[in-house]
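As a starting point, one isolated chain is supplied in structure tokens, in the form predicted alone.
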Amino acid sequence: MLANPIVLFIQVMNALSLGMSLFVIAAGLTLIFGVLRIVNFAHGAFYMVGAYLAYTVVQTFGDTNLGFFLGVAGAGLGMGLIAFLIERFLLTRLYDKDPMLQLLLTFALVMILRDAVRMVWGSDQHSISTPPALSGAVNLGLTYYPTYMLFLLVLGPIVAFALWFGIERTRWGRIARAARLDREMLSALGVDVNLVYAAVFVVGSMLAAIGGALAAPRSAVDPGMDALVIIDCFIIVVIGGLGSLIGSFVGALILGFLTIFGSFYLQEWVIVASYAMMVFILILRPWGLFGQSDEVRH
């Protein structure tokens, strides 16, 4: 089937679109770990909450272009507020504690948020329609391709560039990198490190929620939607290297292509192939493709 150039082209586009969709979510996980050094198990739950918040906004304003984009913005802002409260009242108590306590906290947040979603929205599946402006298909010459999938494909590089520019070319980015390397020295220079940590956690969580809102037109919104995406995100950041933005970008592309093309050749074994690829890369480079060993980092 893939010998057909049109089918091959469509599957390549699907792989790129899937990879970029996953990157938006995984980038938040990478950002949080890169600065706070916290492996956030609740990242998938933030993705789920974002999808539900977007659903609520769309139900309020209708299945219109305005309703959809307000839903995406509302998901990010709403999750940003929740993340700020979590960081201020929970995470700040654990920064200097055993990392295992941080893992237990974020895992507990998964349970809490999942039950909260069931209490507010119920256990039924919901859906969001594709906005009218992004419905239909675009003529790419060789064939037509869904407009919404093309939108997701283009959005990924835009988010990647925005994050890269913010981290590498702005004062805020320099402060965030300094907070990762030496929190005590940065604090001694008069920078409010607690505020930096809160900002990074909020931005990373907002990316997860926005990813959930953007995924809602393509998948069902239900209380279990966080389970698979958090696995995919961890595979991406481990492959690319914990804390590496370019690593997450490349890792998302790798997983996107493996998922789409693996479904043709490996079928139900595709998830096994994802784990096998992750293990293989870790054997060659224990810190990931673009990560750095502890000795180099320090």
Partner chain sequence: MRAVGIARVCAAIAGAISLAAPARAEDTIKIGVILPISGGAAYVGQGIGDGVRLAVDQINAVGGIKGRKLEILLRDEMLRPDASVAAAKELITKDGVKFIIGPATSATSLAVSELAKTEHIVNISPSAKTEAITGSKLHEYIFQLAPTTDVDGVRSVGVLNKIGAKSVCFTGFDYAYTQDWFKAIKANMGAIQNAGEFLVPLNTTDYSTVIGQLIASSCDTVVGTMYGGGFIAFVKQAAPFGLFKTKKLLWGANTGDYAVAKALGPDFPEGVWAAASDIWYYEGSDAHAKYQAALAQLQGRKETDMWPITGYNAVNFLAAAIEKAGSDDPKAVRDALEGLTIDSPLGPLTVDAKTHRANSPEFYGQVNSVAGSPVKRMSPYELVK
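Since the structure is predicted, the reported quantities are computational estimates derived from the model, not experimental observations. Numbering follows the first chain given and starts at 1.
The same protein has a further form, the form predicted in complex with the partner chain, not shown here; the description that follows concerns it.
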Quiz item: Hey, of 75-83, 93-101, 183-191, 204-212, which bit sits against the partner chain in the model of the complex at 4.5 Å between non-hydrogen atoms?
Solution: 93-101
Exercise. Determine whether any heavy atom of residue 267 comes within 4.5 Å of a heavy atom of the partner chain in the model of the complex, and answer yes or no.
Key: yes
Quiz item: For residue 136, is any heavy atom within 4.5 Å of the partner chain in the model of the complex, or not?
Solution: yes
Practice problem: May I ask you to state whether residue 118 is within 4.5 Å of the partner chain in the model of the complex, using heavy atom distances? | Solution: yes
Quiz item: Within a 4.5 Å heavy atom cut-off, is residue 156 in contact with the partner chain in the model of the complex?
Solution: no
Exercise. For the stretch 213-231, return the residues whose heavy atoms include at least one within 4.5 Å of the partner chain in the model of the complex, in the order they occur.
Key: 216, 217, 218, 219, 220, 222, 223, 224, 228
